[in-house]
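Okay, here we've got a single chain as structure tokens, the form predicted alone, with questions on binding and movement later.
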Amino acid sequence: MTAPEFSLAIHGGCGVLPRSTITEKFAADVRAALHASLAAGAAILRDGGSALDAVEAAVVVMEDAAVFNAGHGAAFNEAGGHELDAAIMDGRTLEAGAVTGARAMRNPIRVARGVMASGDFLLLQGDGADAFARHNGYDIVPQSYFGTDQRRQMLAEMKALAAEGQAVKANEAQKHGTVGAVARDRHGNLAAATSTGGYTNKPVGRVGDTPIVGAGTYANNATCAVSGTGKGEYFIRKVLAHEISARIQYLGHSLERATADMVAELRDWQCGAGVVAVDRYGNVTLPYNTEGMYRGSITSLKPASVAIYE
């Protein structure tokens, strides 16, 4: 079988609205945003650009789209504010950069890329992350930029469920959401990028898996690139993204088997989860254990395809 010259896969989170509640307009908006994300990343890859540039570009589009829980459209924490997380990793060098608890940067994934480029540190948090963004000229926005009416409604719903002791009954869209991208470029290099607002009504200061290299974000040219979505605490405990890489490297598992097994294991923990991943050969997989996952992929051999449910 001919291997693709480049591959790109994206997700907008497994925190999808249930089929019974999603409107045609919202579904159309999601699909349009996914197609725009794929187009941004694929344009770079077609021109011989790097996987790192491609995943950053793809995630920026989703951060700017109000339909996803990242950047504009991010979930509210329990205090009614926003704290954003993002990470990016280069599979060629194993360099990475991340921010967590950011409150003022328009595109956390761009700042994470800047952190990686600094070379001195890997992860910046809170005020320090925002100060780095300001000092280096990244777009700064007020907290009001991130909130949407849909996210306010979800916060109210989660607070009501929590007050009744029924938070466990929340649907995946009410609970969490993330965006991410993985790519292989024409030079055989891999990269991964992930960005999120965390979960709705999360405690102030909570950090999930997205900015933790090896948990929600990982890339290694020897194996694969992975971006995850779901309840981050479980991804951290499993060191999920790195575990997928390790199973490929040390057990000889295929990308499809390694990712499917890990997602299935999280189902055993009653954790809604999904991942997008690409291996060193350009194979792509997008498994999830929830009702759906906003997702899409494109390769040099296959046209862009997006989906929400099965």
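Source: prediction; values computed, not measured. Don't overthink the numbering: it's just position in the shown sequence, from 1.
Not on display, but discussed next: the form predicted together with another copy of the chain.
Stretch-level contact check against another copy of the chain in the predicted complex with heavy atoms at 4.5 Å: of 95-103, 153-161, 188-196, 139-147, the positive one is 95-103. Proximity to another copy of the chain in the predicted complex, defined as a heavy atom within 4.5 Å, singles out one entry of 260, 246, 39, 66, which is 246.
Contact check for residue 31: every heavy atom lies farther than 4.5 Å from another copy of the chain in the predicted complex.
Contact annotation for residue 238: at least one heavy atom lies within 4.5 Å of another copy of the chain in the predicted complex.
Within this chain, residue 231 lines the site of another copy of the chain in the predicted complex, having a heavy atom no more than 4.5 Å away. Contact annotation: residue 221 falls outside 4.5 Å of another copy of the chain in the predicted complex, judged by heavy atom distances. No member of the trio 170, 173 and 292 reaches another copy of the chain in the predicted complex with any non-hydrogen atom inside 4.5 Å. For the partner-free chain shown, 120, 121, 122, 123, 124, 125, 126, 128 of 119-138 come within 4.5 angstroms of another copy of the chain in the predicted complex, judged by any non-hydrogen atom.
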